[in-house]
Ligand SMILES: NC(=O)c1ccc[n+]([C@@H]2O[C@H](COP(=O)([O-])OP(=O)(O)OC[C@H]3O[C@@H](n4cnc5c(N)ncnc54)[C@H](OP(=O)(O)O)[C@@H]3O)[C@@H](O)[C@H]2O)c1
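Okay, so here's just one chain, in structure tokens, the form predicted on its own.
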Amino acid sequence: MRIAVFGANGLTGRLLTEQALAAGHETAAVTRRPAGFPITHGRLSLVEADVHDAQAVNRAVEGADVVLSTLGVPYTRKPVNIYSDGIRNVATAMSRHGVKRLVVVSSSATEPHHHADGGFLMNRVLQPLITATIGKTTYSDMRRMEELVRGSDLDWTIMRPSGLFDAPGVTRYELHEDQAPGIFTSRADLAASLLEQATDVRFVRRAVAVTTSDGAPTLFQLLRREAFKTR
């Protein structure tokens, strides 16, 4: 199988690329800066493309069997359009080349809800504060992306992680349709869940929450270490 990974140079994208190669897949790492990409492999091809450039995206998608997107940017109060603009170009290119399977990373914060594991601080303070301030433009564009994905004729799955953190390896992550009680997701587990969906049809045309329990940090540790990292 040939997998095209958009956002391959991000923290999750690199893990996903490594996992795809380890699983034996031909992998195209799509990035704006291929010269600085830290992974080399015989089955890896580097594709230079800005997702805002429809022609470059079209070239990146050509020949793929599956497209996995880990596109992401840090929180900002400025307008954000990388998610919606990028997926619009990706979906158009996939339709042109007859590629059907698309798996994209969104966020649990696109539909803020009560987390059973979150407690008062998460549910009543942090989640409302972040979604209304520093995360407002990011989550608004993620919602636009989700609408575009849902409106396509592709075999799509939307992955919704919670608070992202780094972990040494893949754990027994949990998948729940739409929403989940957990408030943490390791990047290794997010990457593994994306790769799993490349061949799993259980959640086609579904949104899926992915959460991690093993080795998860405290809320304060997560905020200190992760708030301004990219995906």
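Given the structure is predicted, the values throughout are model-derived calculations rather than measurements. All residue numbers refer to positions in the sequence shown, first residue = 1.
Omitted from view is the form predicted in complex with the ligand, to which the following refers.
- H52 is the sole member of H176, H52, R205, R59 with a non-hydrogen atom within 4.5 Å of the ligand in the model of the complex.
- At the 4.5 Å threshold, heavy atoms of T12 reach the ligand in the model of the complex.
- Shown alone here, Y83 lies within 4.5 Å of the ligand in the model of the complex, counting heavy atoms only.
- In the model of the complex, at least one heavy atom of M142 sits within 4.5 Å of a heavy atom of the ligand.
- The ligand in the model of the complex comes within 4.5 Å of a heavy atom belonging to R33.
- Of the candidate stretches 38 to 46, 196 to 204, 167 to 175, 64 to 72, only 64 to 72 contains residues with a heavy atom within 4.5 Å of the ligand in the model of the complex.
- Contact residues in stretch 139 to 175 (any heavy atom within 4.5 Å of the ligand, taken in the model of the complex) are M142, P161, S162, G163, L164.
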